[in-house]
Every structure is written in C-alpha cells, then in structure tokens.
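A single chain, nothing else alongside it, follows as structure tokens in the form predicted alone.
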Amino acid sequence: MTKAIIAVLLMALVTYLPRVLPFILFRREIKSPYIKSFLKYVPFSVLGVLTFPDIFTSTGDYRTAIPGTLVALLLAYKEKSLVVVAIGAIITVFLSGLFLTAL
C-alpha cells in the first residue's frame, strides 16, 4: 500500500509541475512576438505529433488509412470545419475499404 501512495504522489507531482512552472517562471506578460507565436502553435504541433502516427494503424490497413488522411489534409487545407474533415475522412476510408474488398 505504501508503494501505491508514493506512486500516486509522484504522479500528482509530475502532472502538477508543468501546470505551475509557467506561472512561477513567467510572472510578467510575454512581450516577444516570436515567443508568443511559438507558444500559439505548440498545442497544435503536440496534438499532431501525438495523433499522426496512429492514423496509419487506426483502420488496420494502411491502404485505407492513406486515402483517408489525404482527404482529411485536403479538406483541412481548404479550411473546412472539423466535422466536415472527419466525415470526409471516414467516408473515404469506408469507400476505399469497399473498393479493396471488391478486388
């Protein structure tokens, strides 16, 4: 039981530190346009890095995942809404799966 409590406390510390450190380190407003623009894009880049590799294994067949990814990227580039991008990718994966099973 002692090890479990220590593990929970360590996990709490590890998740709490990244949330508190920015407030401790940056007490004043950040004025640098470069740092502001960098921080603006960090959440999007982290999300992309975390999800992009899983895209190709999510369908179980990379031959259906690649067309779905391409359609999603095209729709996102054309600034369509997230719902349109997701539905477009899902329909593309479904149709490419039907096409591959028909071969």
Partner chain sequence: MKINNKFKKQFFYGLRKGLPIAFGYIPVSFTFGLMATGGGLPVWLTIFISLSNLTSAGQFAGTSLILAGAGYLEIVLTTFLINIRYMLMSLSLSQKIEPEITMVQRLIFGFGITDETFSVASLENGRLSYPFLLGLISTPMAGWTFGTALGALISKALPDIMANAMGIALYGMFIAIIVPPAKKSKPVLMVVAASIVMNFLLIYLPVFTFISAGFRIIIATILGASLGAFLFPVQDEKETKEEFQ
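Here the structure is a predicted model, which means the values were calculated and not measured. Residue numbers count along the first chain shown, from 1. So that the term is clear: the rigid core is the largest set of C-alpha atoms that superpose within 1.5 Å between two forms.
Just so it is clear, the following notes concern the form predicted together with its partner chain, a form of the same protein that is not shown.
Colleague: Is there a heavy atom of K40 no more than 4.5 Å from a heavy atom of its partner chain in the predicted complex?
Modeller: K40: contacts its partner chain in the predicted complex.
Colleague: Mark M1 yes when one of its heavy atoms lies within 4.5 Å of a heavy atom of its partner chain in the predicted complex, and no otherwise.
Modeller: Close contact exists here: in the predicted complex, M1 approaches its partner chain to within 4.5 Å, heavy atoms only.
Colleague: Where, within 1-15, is there a heavy atom within 4.5 Å of its partner chain in the predicted complex? Residue list please.
Modeller: M1, K3, A4, I5, I6, A7, V8, L9, L10, M11, A12, V14, T15 sit within 4.5 Å of the partner.
Colleague: Superpose on the rigid core, then tell me if the C-alpha of A7 is displaced by 2 angstroms or more between the shown form and the other one.
Modeller: Shift at A7: 2 Å or more after core fit.
Colleague: Note yes or no: does the Cα of S37 move by 2 Å or more between the shown form and the other one after the core is superposed?
Modeller: For S37, whose C-alpha is compared between the shown form and the other one after core superposition, the shift is 2 Å or more.
Colleague: Closer or farther: how do the Cα atoms of L82 and R19 compare in the predicted complex versus the shown form, where the change is at least 3 Å?
Modeller: Compared with this form, L82 and R19 lie closer in the predicted complex.
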